[in-house]
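Starting off, we have a lone chain in the form predicted on its own, written out as structure tokens.
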Amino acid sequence: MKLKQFYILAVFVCLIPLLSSCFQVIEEITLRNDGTGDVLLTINLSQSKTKVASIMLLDSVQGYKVPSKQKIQQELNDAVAYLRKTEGISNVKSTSDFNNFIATISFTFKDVANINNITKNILAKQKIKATNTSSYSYNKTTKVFSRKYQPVATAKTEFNKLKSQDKAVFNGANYTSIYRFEFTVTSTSNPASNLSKSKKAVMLKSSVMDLINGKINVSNQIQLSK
């Protein structure tokens, strides 16, 4: 499958080509006032767990080799090992739920810039070329948190090369980003983002298809109270 590069967390990624229903990719960042923070990355296949469980009993489906639980766990362990060697990253943890098919990686960063290129590098280690770039920054003086997302035009071209059954995997697939702060949020630049009642969290949810087709950009500039 050529569109693996769209996933935030390369853990259950090898199961996704075998599905025909929805999955969720969730990115959560908690930023403290001093610029340190925490990240939680999740891939949730629970809405397809019955089918995934059945698929895991097979050797291959539609020409794709079905990975073993051991193989999936090893991919997760490799991602954790990489993060533990990354400058500015600590407290790396992971979970894998093979009953509901949910995988997570969490870690703490010294500066939000430490998380730039992490996903791309994890995917590269699995020989998956990323087709978009994201960068994060936080200015402690102006209290502005920024996420810059630069899609690559070839994404839609690559998607159009897929077989019909492979394209169907992305129908109903969602990507969600959630950013939490200690300061209250006074403004956001992305009109698709939603502010929590406490005004200390911002959520942006998009279908993966909208990302592929360039109908939404997840860039955001979030102004915090001073």
Partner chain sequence: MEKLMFPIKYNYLNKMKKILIAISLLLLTKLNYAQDLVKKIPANAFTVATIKGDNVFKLMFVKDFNESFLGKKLLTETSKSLDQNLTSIEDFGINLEKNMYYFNQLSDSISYNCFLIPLKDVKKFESLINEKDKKIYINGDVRTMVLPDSTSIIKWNNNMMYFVTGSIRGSFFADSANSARYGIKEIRYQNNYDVSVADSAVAMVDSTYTTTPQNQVLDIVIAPPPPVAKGWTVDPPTNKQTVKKSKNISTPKSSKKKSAKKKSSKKKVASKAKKVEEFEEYKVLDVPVAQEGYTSDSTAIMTQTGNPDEQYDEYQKERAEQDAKKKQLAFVWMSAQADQIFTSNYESIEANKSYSASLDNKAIAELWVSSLQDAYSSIAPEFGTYGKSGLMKGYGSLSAKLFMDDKSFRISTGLELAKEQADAYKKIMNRKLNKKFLKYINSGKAIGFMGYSIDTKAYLEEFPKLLKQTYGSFLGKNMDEEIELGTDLFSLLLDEEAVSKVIKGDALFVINGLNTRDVTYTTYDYDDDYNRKEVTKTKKETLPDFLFMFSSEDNRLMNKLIKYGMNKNYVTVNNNIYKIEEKKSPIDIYFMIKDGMVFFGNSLTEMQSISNNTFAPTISKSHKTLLAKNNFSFLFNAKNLVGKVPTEEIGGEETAKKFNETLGKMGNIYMKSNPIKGNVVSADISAEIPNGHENALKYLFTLIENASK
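Quantities reported herein were computed from a predicted structural model and do not represent experimental measurements. Positions refer to the first chain, counted from 1.
Omitted from view is the form predicted together with the partner chain, to which the following refers.
Though the partner chain is absent from this view, in the predicted complex it lies within 4.5 Å of a heavy atom of just one residue from 80, 118, 102, 89, which is 102.
In terms of contact with the partner chain in the predicted complex, the residue from 33, 186, 157, 46 that brings a heavy atom within 4.5 Å is 46. Residue 24 belongs to the set of residues with a heavy atom inside 4.5 Å of the partner chain in the predicted complex. Interface membership of residue 192, defined by any non-hydrogen atom within 4.5 Å of the partner chain in the predicted complex, is ruled out. Using a 4.5 angstroms threshold between heavy atoms, residue 211 stays clear of the partner chain in the predicted complex. Heavy atoms of residue 218 never reach within 4.5 Å of the partner chain in the predicted complex, leaving it off the interface.
Contact check at 4.5 Å (heavy atoms) against the partner chain in the predicted complex: all three of 54, 178 and 198 pass. Taking the partner chain as it sits in the predicted complex, the stretch 136-150 never comes within 4.5 angstroms of it through any non-hydrogen atom.
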